[in-house]
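Just so you know, structure 1 and structure 2 below are the same protein chain in two forms, each on its own as structure tokens.
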Structure 1
């Protein structure tokens, strides 16, 4: 087993001749004039995807990408240039271009310095998932297909995909320090289509994280994912139309935390608050939620999909308390926005690849558990909706307004979970919904490890989580007439 932070410097030095002295020279090219800070982000990534459909592997791809991005900063102005060729002359050209962009700014400010805390080693995987034998992966997809079809004769289609990555990064700065990381990532996603009397329905489930391929074989997780996807599809065959109106809604534990992520998480990212476009701007120290609500972003949970040893600026990740017992305590910050707001970076500077500059992004964002029994929370609702899984949604960062569709939900009648419903859409405002949380269960659960977050055209892996919570009065858009 290798130490995650030991390899990247040697990797880029041996393979591309990018020794520490050459990196220092490149950064020297980027700094000067009004530009007083620069950093270099080197990336080498292997990505593998296998997709089984109609009982055969219809896609098998393995892609290698490599490149570097050079960022320069002067006060609030940022220059960024990147190249997919790691030849030294191309890196020098990118450094000069980034400098020209930022050099047009006014007087430069003092940039953040290297964090003193020790980097983590959160995913010491002995065998990266991309290195696991191909035949074992193909065999697993066929086992998924066979199990799903054997669950019920109404199963018509099974689509199983296995994605694996290994990303090697190295960050060097004009302040003279370098730090790297090797990041494994894998995800097994299963979709099942069932049909009865001409009606077709879909169910989906999956999981993964910064784990080896054998993770899916342990405790037969792959079988659990398969049965869940099939169960959801069959459940939808008997679902009735969802009611509409203002209802009490109970969110189940785990994946429903995606509503928390979208409805308020983005609004707590530093850039939106520095620019004054978030519903939470200027509200630090104020009550923004029920006193039962405590929300954290934690990038230090071992092997989680959203966790990182260091963010994409080299800052070690941490556990950031965003809302504490209803009081807004902090924002998620990268280095630039932290400096401009007079705050400390929180290890939330993230980017999709070398072709993108970093920005404040979530890692694993979730609400802490309360003291209520989840079953008692349901019993406390005379009539309402119990939402277990969400599909797509939209959020307006400025207002916090959201629209989310529930892919698995049930009626609550007389304190009991009864009929499954389809077509339920939750409509509301993130900040307002937080004030209406009246019960919080003790059953915090994190999602299975499938989340991907998009922002400004960039996608990054994230995690979400939630205990069972009761929200009094959410507008539910239904299809019942």
Structure 2
């Protein structure tokens, strides 16, 4: 249905009669001569989910949401109103509500809105994942189930979910431009529960991105995910209690990059720094990491889950250097916070949907590779933890304390990887942890494409990445004293 939609602007004008001149009129209502800036965010989104459990696809659902958000800004103030109904009367009402905020003089008028073309085309897909035939998706989930169960008789339960999404957006601003984007997104996630002598354990794996459904079939990715989930679950059957205390930790490549997301990423978002409440406030140009560490946020990597052609304010995404050889270089900005801090927007203004105003968010955040051999990094550790897969994390922006939870980890004893240990939470201090990075591998890897980041109740898809690194001391929250 949506394959013909090369032009998001035509989508909203054909379907809802929201032509450029109508949008201009709405912006005029929002501005009302008293605000600095106004924009409109139109969205149409389809999310389809299929879930297999106990060998059958039991759950099939589809959520179609559409709506518009109208935002006005006057100095630091933001007015935001949204409606789930794209009828023009409702949009006008929203525009009037958004204007309520502007009770002080501003300066903007509305320029004639003209369309701009997208700066990138990062995720062209011949067939959007929401349009791929249902039967093929169901067949894939059954193959996952059969493979997992065929791998080992201890497999008791396989839960596989396939999410296919498409978001069509159009942004029009009082500065006189509009820009649209069509964003495909898909994710296959597999959880396997195994049981042996009454002990049950869980393993999980998945992947995806802004890619067509066939992505999972290419290179038999689905089979790789399935084998990984099963392997992890079986491994956990013989995991021993995790150690407790401060240890040397080696993080494997890829998903452990969630460390960066929590330890420094959120603390470098413009809003917290503009308010002066981040542990990184006022530290631009200072040393916050070892000189081996360079970290970037890059929204322009083709087909990645965290990538965007333009952010949700219409700013082209880019590559922002956050830390360069240990020195703090930049923040991630949306338009409002960039303006208030006298900086340039970086293409990090994102929102979950039309129901939410944008704020600075990460895209794909990762550390650049170093020169060390990953195996040699492990060999360099007399006693420590080798952690390769993580669940979620969280951070207290102000104190800088962050956590992230390992779901696959091993002891390192005498430079060798030995026993698998149970999952444990790692806790550290954002401004300090990267100063203790003593080795950086040459094996940078990005995650498989399953990450979702929550902030202020808004969820957005993100990516992370990391080469193998050694951290000389971080607190591991196990039970073995």
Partner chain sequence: MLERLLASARRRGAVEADAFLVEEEELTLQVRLGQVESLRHARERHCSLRIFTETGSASATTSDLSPAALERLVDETLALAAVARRDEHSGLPAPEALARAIPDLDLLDAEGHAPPLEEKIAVARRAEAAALGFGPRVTTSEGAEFWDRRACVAYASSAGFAGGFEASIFAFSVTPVAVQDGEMQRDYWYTGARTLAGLEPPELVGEIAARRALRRLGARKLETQEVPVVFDPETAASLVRTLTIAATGPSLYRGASFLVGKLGERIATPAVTIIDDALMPNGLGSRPFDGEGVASRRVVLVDRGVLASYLLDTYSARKLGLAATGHAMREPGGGVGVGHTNLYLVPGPHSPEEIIASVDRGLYVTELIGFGVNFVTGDYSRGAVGLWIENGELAYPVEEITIAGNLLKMLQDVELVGNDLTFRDQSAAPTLKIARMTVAGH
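Just so it is clear, the structure is predicted and the values come from calculations on it, not from any experiment. The term rigid core refers to the most C-alpha atoms you can superpose between the two forms while keeping them within 1.5 Å. Residue numbers count along the first chain shown, from 1.
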Lone-chain pair; form predicted together with its partner chain identified as structure 2
**Message:** When the rigid core is used for the superposition, does residue 219 move between structure 1 and structure 2 (threshold: C-alpha shift of 2 Å or more)?
**Reply:** no
query: Does residue 393 show a Cα shift reaching 2 Å between structure 1 and structure 2 after rigid-core superposition?
result: yes
